[in-house]
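Shown below, as structure tokens, is a lone chain in the form predicted on its own; questions about how it binds or moves come after it.
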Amino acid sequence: MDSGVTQVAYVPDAGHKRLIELCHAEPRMRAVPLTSEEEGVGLTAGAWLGGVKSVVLMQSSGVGNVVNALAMARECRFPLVMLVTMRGEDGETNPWQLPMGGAAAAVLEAMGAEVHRADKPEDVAPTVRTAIVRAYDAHAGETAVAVLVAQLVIGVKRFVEVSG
């Protein structure tokens, strides 16, 4: 898929591991590690101003870290594509992932983002393609778009409690 995206910002995440590796291996891509998902919103704004298409990768727990920055995307009306690997869904064993896993879509929508889901592996590529087109469409009013990739697509991580 040649979407014109040449920059990917990410907080390291096992759900995006293979995509991150592919981005680092692709000479036309610039993969930028972040310390917080919120930085990705600013990076995307700057990239867009410089004529570069970018995407931010995050886990559903990272959605809570971008809420204030989404206000900037909404008011400045710049394109923002977020690929969100979901946690807190079917089979989740880490109780800390449940709150944002259940709230991610509603939080993103409340901040003005258009939200799409990919519930099966074969849904991911076409859903991401649609999100990129929607976000960067000047006629549709460049906007924030999120693709939530279901936990069953990326696999369920096992949580092991450490006792003291």
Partner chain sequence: MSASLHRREVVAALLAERGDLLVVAGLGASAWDCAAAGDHPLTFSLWGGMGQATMMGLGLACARPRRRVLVVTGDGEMLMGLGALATVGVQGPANLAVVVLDNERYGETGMQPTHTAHGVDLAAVAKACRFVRTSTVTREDEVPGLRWAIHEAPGPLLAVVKVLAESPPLVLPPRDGALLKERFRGALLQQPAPSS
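Numbering follows the first chain given and starts at 1. On a predicted model such as this, the values are computed, not experimentally measured, just so you know.
The discussion below concerns the form predicted in complex with its partner chain, not included here.
Student: Thinking of Pro99, Lys120 and Val147 as one candidate spot, does its partner chain come within 4.5 Å of a heavy atom in every one of them in the predicted complex?
Tutor: Per the other structure, none of Pro99, Lys120 and Val147 touch its partner chain.
Student: Among Val128, Ala69, Ala105, Ala113, which has any heavy atom within 4.5 Å of its partner chain in the predicted complex?
Tutor: Contact with its partner chain in the predicted complex is made by Ala69 alone.
Student: So in the predicted complex, does any heavy atom of Ala47 sit within 4.5 Å of its partner chain?
Tutor: Yes, Ala47 is a contact residue.
Student: Going by a heavy atom distance of 4.5 Å, is Gly64 a contact of its partner chain in the predicted complex?
Tutor: Judged by the heavy-atom cut-off of 4.5 Å, Gly64 is well away from its partner chain in the predicted complex.
Student: Though only this chain appears here, would Ile132 touch its partner chain in the predicted complex if you measure heavy atom gaps against 4.5 Å?
Tutor: No, Ile132 is distant from the partner.
Student: Would you check, heavy atoms only and a 4.5 Å threshold, whether Pro95 touches its partner chain in the predicted complex?
Tutor: Contact check for Pro95: no, nothing within 4.5 Å of its partner chain in the predicted complex.
Student: Pick from 105-113, 23-31, 55-63, 120-128: which stretch has non-hydrogen atoms within 4.5 Å of its partner chain in the predicted complex?
Tutor: Careful reading of the contacts points to 23-31.
Student: Sequence order please: the residues of 76-92 with a heavy atom within 4.5 Å of its partner chain in the predicted complex.
Tutor: Result: Cys76, Arg77, Phe78.
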